[in-house]
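Let's start with one chain on its own, the form predicted alone, as structure tokens.
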């Protein structure tokens, strides 16, 4: 049997888009959107897919359970996994921003209260500006934090800005552009470099 490439796909719309790219490159798999099954294999194409939580993709790749995976640049910068970045897939495009209530002014004499799930990215951004901050780590709807007075600003991903506008928030500062990256396991790449490079060429 030939080399099988194990691919970690993020569950949801993004993973479906990435899978379509693989399918068009000749790495399709039957019934991949069917039911509750999580692992799908096409031995003829030399590929095995599995669906995982988006933030878990780099863990599967770093630990060698997956040879390659697709995840956002935000996840790579937040968790800094020990992986190779192979390619920008040009999908899942959005921005990491600081958002605040309309008319907000940063009064620099006190620590800025920042609600976010991207703790490391927020800390790096404000450290580079020499700004003292108080991080409030949240996992759910970040936009509600300034409305309820929990935070002054939020650091979050923005695609269209509709959610911000609906909650009377606006982009205060841009941090970086985000897109989906194809990553690989460092040692796994050495063993399967021919198969992975063939995949990259087809993509």
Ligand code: PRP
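No experiment lies behind these values; they were computed from the predicted model shown. Positions refer to the first chain, counted from 1.
There is another form of the same protein, the form predicted together with the named molecule; it is not shown, and what comes next is about it.
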Practice task
Could you work out which of 44, 177, 30, 159 is the residue within 4.5 angstroms of the named molecule in the model of the complex, going by heavy atoms?
Solution key: 159
Handout entry: Full three-residue contact with the named molecule in the model of the complex, heavy atom 4.5 Å, for 106, 108 and 130
Key = no
Handout entry: Interface membership of residue 143, the named molecule in the model of the complex, 4.5 Å heavy atom rule
Key = yes
Handout entry: 4.5 Å heavy atom contact, residue 55 and the named molecule in the model of the complex
Key = no
Practice task
With heavy atoms only and a cut-off of 4.5 Å, decide whether residue 117 touches the named molecule in the model of the complex.
Solution key: yes
Exercise for the section: Sort through 32 to 40, 168 to 176, 150 to 158, 57 to 65 and report the only stretch with a non-hydrogen atom within 4.5 Å of the named molecule in the model of the complex. Expected result: 150 to 158
Handout entry: Residues of stretch 167 to 199 in contact with the named molecule in the model of the complex (4.5 Å, non-hydrogen atom)
Key = none
